[in-house]
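Just the one chain here, the form predicted alone, laid out as structure tokens.
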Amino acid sequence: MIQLKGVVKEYGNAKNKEVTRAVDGIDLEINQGEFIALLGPSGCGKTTTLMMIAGLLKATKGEILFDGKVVNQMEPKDRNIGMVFQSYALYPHLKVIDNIAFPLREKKVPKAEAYEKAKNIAKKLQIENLLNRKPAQLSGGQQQRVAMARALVKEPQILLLDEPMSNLDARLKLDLRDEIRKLQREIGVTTIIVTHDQEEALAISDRVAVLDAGKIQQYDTPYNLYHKPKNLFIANFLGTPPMNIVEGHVEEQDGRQVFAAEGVRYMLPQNREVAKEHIGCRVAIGLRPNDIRICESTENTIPVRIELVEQLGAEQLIKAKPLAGDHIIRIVAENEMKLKAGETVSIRILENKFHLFNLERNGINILS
């Protein structure tokens, strides 16, 4: 188990009060054998957190524990970790087999034994036919597999992946992430990946820690992050196309609650009404583009004018504006629907597929 307790990383001179806090009091617990992603925008502190776990950076405050033992002062070489960098960091003058066997040779493992282990791990990663080549003779995906093999050959307790697929094309990313996940499950090594790619994080991880401004905003399963975001940042950050966010307020009308905004009035289902304390507050409704339907009915629907239609292959992305509003609402619709710009249609929100965020309380989800 890996634990981070109140971990802080600061840069700068405290005497001159010119301090930047890159990581701001992170608490994190990772179980043995879990695959965890650190996800967030650039500058959120995810790579800094990974480097502190690796021992390449020292925490300013807080504790990092492996199986209950504090490792803050332990050198990287003594932490029994394997690490794969974005740049692959292969030795260009060495053959693949020597690159893979390098960590074992550094530990004085006999050459024959090191080579045998290198061949075994290369077979698992399907690169056994590349062992006599040098890195310059390999594609990006092949180099990434070699870097993975080198990290895994010493049978680490923890595998750390720093943006390992950011240099690969989209199709190769899909193939490699499947292989990484399959291999991780087979070996059972505790794995942490740093990525800015939300699709990648959600696809391969058991749990994801989403960071912003050095803090963990939510640490949860991929399903809960997408369907039960704790705050507006999570809701807005996750999802492609992004969630529709419309600011307004909740009011009461004839004993029912209604979300009201410019050009939008939507009666909340009784099983999704909010506590009285939120009525009248400045709130935002969050709507996934896939959870909005174009329909013929006018009951509890919103009339909109289509501004743009974008083809997405199997689906189409509709960008529309409420007739009395000026904000864009994105809708994912079936290709069979023949829609065009300038057309007026009615949209319906799926009854249990919306979120409400109290903007006066740091954007918390008041329906979660």
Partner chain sequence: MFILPFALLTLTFFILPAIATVWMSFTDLDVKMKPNFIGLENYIRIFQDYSLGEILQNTIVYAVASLGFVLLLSLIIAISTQYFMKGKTVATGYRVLWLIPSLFPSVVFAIFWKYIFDPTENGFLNKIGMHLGAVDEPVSWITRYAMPIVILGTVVGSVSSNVILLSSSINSIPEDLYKAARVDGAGEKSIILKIILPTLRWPLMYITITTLIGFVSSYFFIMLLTDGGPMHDSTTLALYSYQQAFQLKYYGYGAAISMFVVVIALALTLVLLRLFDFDALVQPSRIEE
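Quantities reported herein were computed from a predicted structural model and do not represent experimental measurements. Numbering follows the first chain given and starts at 1. Definition used throughout: the rigid core is the maximal C-alpha set that superposes within 1.5 Å between two forms.
Unshown form predicted in complex with the partner chain; subsequent notes refer to it.
Within 4.5 Å of some heavy atom of the partner chain in the model of the complex lies at least one heavy atom of residue 106. Remark: residue 249 does not count among the residues lining the partner chain in the model of the complex, judged by a heavy atom distance of 4.5 Å or less. Taking the partner from elsewhere, residue 51 is found to have a heavy atom lying within 4.5 Å of the partner chain in the model of the complex. Mapping the unseen interface onto this chain, residue 83 counts among the residues with a heavy atom inside 4.5 Å of the partner chain in the model of the complex. The partner is not drawn, yet in the model of the complex one stretch among 71-79, 264-272, 112-120, 188-196 has residues with heavy atoms inside 4.5 Å of the partner chain: 71-79. Of the residues given (55, 303, 62, 325), 55 alone sits with a heavy atom within 4.5 Å of the partner chain in the model of the complex. Checked against the partner chain in the model of the complex, the residues 293, 124, 215, 154 give one hit for a heavy atom within 4.5 Å, which is 154.
Although the partner chain is not shown here, in the model of the complex the stretch 248-282 places no heavy atom of any residue within 4.5 Å of it.
Comparing the forms between the shown form and the other one, the C-alpha position of residue 295 differs by less than 2 angstroms, with the core used for superposition. Core-superposed comparison between the shown form and the other one: the CA of residue 95 exceeds or equals a 2 Å shift. After superposing the rigid core, the Cα of residue 111 is displaced by 2 Å or more between the shown form and the other one.
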